[in-house]
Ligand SMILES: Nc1ncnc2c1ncn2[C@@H]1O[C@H](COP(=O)(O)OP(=O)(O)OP(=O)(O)O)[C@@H](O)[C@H]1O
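Encoded as structure tokens, the following chain is the form predicted on its own, with no partner shown.
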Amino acid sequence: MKNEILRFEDVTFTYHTRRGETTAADGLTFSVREGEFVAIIGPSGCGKTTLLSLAAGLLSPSSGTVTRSGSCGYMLQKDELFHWRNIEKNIFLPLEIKRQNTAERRRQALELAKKYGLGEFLQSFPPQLSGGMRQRAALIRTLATEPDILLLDEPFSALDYQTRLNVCEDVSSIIRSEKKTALLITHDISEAISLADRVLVLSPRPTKVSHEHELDFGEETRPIKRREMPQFSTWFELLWRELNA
């Protein structure tokens, strides 16, 4: 059994506003193991992004504990690349922010960029790249600081369907090749099934884990191949029913 890299233990989180209190999570318990790709799905407004903020340490639980062993990288819904910086300088940005902007770290980041097809675009600016290429650059930027766990907040939702399929393939390949741990938040059931080793289904707010599934695709990790396998539709139907129960 691999070590847990992230654990939520009986977590409750309550937002306080002038209008009163809103409990976003209540009794939320789950873990993510080292090297695992976990996807979380849930009904709209159940608190999926709040969960990621708790995992990243941007929010503190009202009660319960969130334990993370190691650093995290956060990938947003949009690439959020700075248009006035070329791709190389965008990739170096987290190194500058975290004061890790050494020659060795820059070299490692550029090697990653070249390894995954961005070598000839390093001097280009974001508006000159396709949406898929920008998301690939955003992932390399996230990996530049060598995080122990990647937190992915619906990173494909801003893309059209065809680009989305291609970028899913790219992101999955990079994360698997680099042997990274990932926690994905998504509203797309097909996306969760095609990418993850394990899927957690959240209840409506105040949210908790209502169902948990280990997926049975064997050694197949390519999203597009999983979509072609017979068990894909079985998983989709089951998860759809659980989401809409």
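Throughout, we count residues from 1 along the sequence that is shown. Because the structure is a prediction, the values reported are computed rather than measured.
The protein also exists as the form predicted together with the named molecule; that form is not presented, and the subsequent description refers to it.
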*Is P43 close to the named molecule in the predicted complex, meaning a heavy atom pair under 4.5 Å apart or at it?*
yes
*asked:* Under a 4.5 Å heavy atom criterion, is S190 part of the interface with the named molecule in the predicted complex?
replied: no
*With a 4.5 Å heavy atom cut-off, would you call A24 a contact of the named molecule in the predicted complex?*
yes
_Check T49 for me: does it contact the named molecule in the predicted complex (non-hydrogen atoms, 4.5 angstroms)?_
yes
*Taking the named molecule in the predicted complex as the reference, which of R198, R68, K180, R205 has a non-hydrogen atom within 4.5 Å?*
R205
_I need to confirm a contact call. Of D170, D79, E154, E88, which residue comes within 4.5 Å of the named molecule in the predicted complex, counting heavy atoms only?_
E154
